Ligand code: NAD
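Next up: just one chain, as structure tokens, the form predicted on its own.
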Amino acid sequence: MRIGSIIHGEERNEETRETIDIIAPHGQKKIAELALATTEDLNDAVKDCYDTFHHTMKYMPAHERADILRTTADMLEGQAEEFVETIVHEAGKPLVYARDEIGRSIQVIRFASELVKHMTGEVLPMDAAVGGEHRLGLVKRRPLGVVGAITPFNFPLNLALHKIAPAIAGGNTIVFKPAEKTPISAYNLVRLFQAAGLPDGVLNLVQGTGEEVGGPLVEHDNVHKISFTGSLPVGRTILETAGFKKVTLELGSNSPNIVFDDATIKDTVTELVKGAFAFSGQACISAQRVYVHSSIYDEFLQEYVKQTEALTIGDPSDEDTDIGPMITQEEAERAKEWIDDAARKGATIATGGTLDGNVLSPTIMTDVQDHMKIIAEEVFAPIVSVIPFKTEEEVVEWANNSVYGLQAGVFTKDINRAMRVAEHLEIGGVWINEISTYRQDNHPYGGVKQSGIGKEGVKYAIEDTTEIKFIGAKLEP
């Protein structure tokens, strides 16, 4: 299989192009060949989106955008298993999590299709101001223009749709640059939108490197917004180079989960096993720091180790597999080094910590210190640290002691304590009696501090792909 970029409905896949091999994380076999886009392709894609916006998309009525989105969702539902198979193979994601991603992706598009028809404005009481009599003030939302969507490998369909579907709903055109590690899902998604009736030039796909097409996309004068999900260093560079564009950055985290002494231990452990190790911890809101009240710490840790060791490691295409490979050998080795570095500095490996190829066994660490990478930085691997605490005040302080602040979980039966802690956490989103890793597609999602700028969640993303326009009129008395 050989694929390339898609610009104005046409694939750019000439034999003379530079290519890279797409390697399946499980088995390390070549599954596709990617013909790389050039800066010239990127410029063509932006120009085409710019022209299409001004001649087509800007004037497309809401009901047509809603129909296209709804048709796309229905078609994705009909092809769900094919998309599941692609994600399993190119990302190494176990079946259960790949199916969940497809289900959520369908839901994202349907949310967008429903919200298209509810993009309302307002009429201002102009006579509230002195001299405002006999004036009419209207406020409405208008699309921005060209949106640059840059997406990661870990949720190749769902995270792409969190950018693309709201942008279409808002009346924009999109230049879509997916991760080079998972280009097949992106390619199939663009073809799906085409089949659903999206006009050529509304969604252009550029399959290339960050250096060749990512940077130029961010800097391009005819791009009006950049929406990026990925690492903190890249996000910082985007912020520095985007100029006056609108920017949404969904960056890293080292999510805290706080377990108080009245939590139900076994059920909480079950959720935190999933929260820490789903898709080998390769999620920005993966449970990375678990703070447990000292009175239940030993019992909790024993149960956590027991349930973790019961996970099945294997082929991600098998129904019973819980843990598959990490995305690359290099990432697995990097995570293993972080474990070993912490152990050398006094941390204890309660379970796991072994590396077999690019499969890192689910790892629980104890006796950790704040300066260790496994809790100070985003680990993005199946590694969780369990830390005892004594008071509410100290655990809130520890949880807040981070450059990140994306999502957190708080486990307690005391609603007053839960709400108090949630209020004091310097976090973009806090779940009570739910893991930090849980995300619904309709709530505002985004971090504080260095976890990012702006919010996703379909309604909020649509608003951020539009701008407010005021129209005022002086009327004859």
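So that there is no doubt, residue numbering starts at 1 and follows the sequence shown. Everything numeric in this text was worked out from a predicted model, so none of it was measured.
Below, we turn to the form predicted in complex with ligand NAD, even though it does not appear here.
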*Which listed residue (Phe153, Phe260, Phe300, Phe83) meets the criterion of a heavy atom within 4.5 Å of ligand NAD in the predicted bound form?*
Phe153
*With ligand NAD left out of view, choose which of Asp127, Glu180, Asp315, Glu333 has a non-hydrogen atom within 4.5 angstroms of it in the predicted bound form.*
Glu180
_Heavy atom of Leu406 within 4.5 Å of ligand NAD in the predicted bound form_ = yes
_Asp356: touches ligand NAD in the predicted bound form, heavy atom cutoff 4.5 angstroms_ = no
*With heavy atoms only and a cut-off of 4.5 Å, decide whether Val218 touches ligand NAD in the predicted bound form.*
yes
*asked:* Taking any heavy atom pair closer than or equal to 4.5 Å as contact, tell me whether Phe228 reaches ligand NAD in the predicted bound form.
replied: yes
*Does ligand NAD come within 4.5 Å of a heavy atom in each of Ile109, Ile164 and Leu203 in the predicted bound form?*
no
*Heavy atoms, 4.5 Å, ligand NAD in the predicted bound form: which of 317-325, 186-194, 171-179, 360-368 makes the cut? Say which one.*
171-179
*Could you list which residues of 326-365 come within 4.5 Å of ligand NAD in the predicted bound form, counting heavy atoms only?*
none
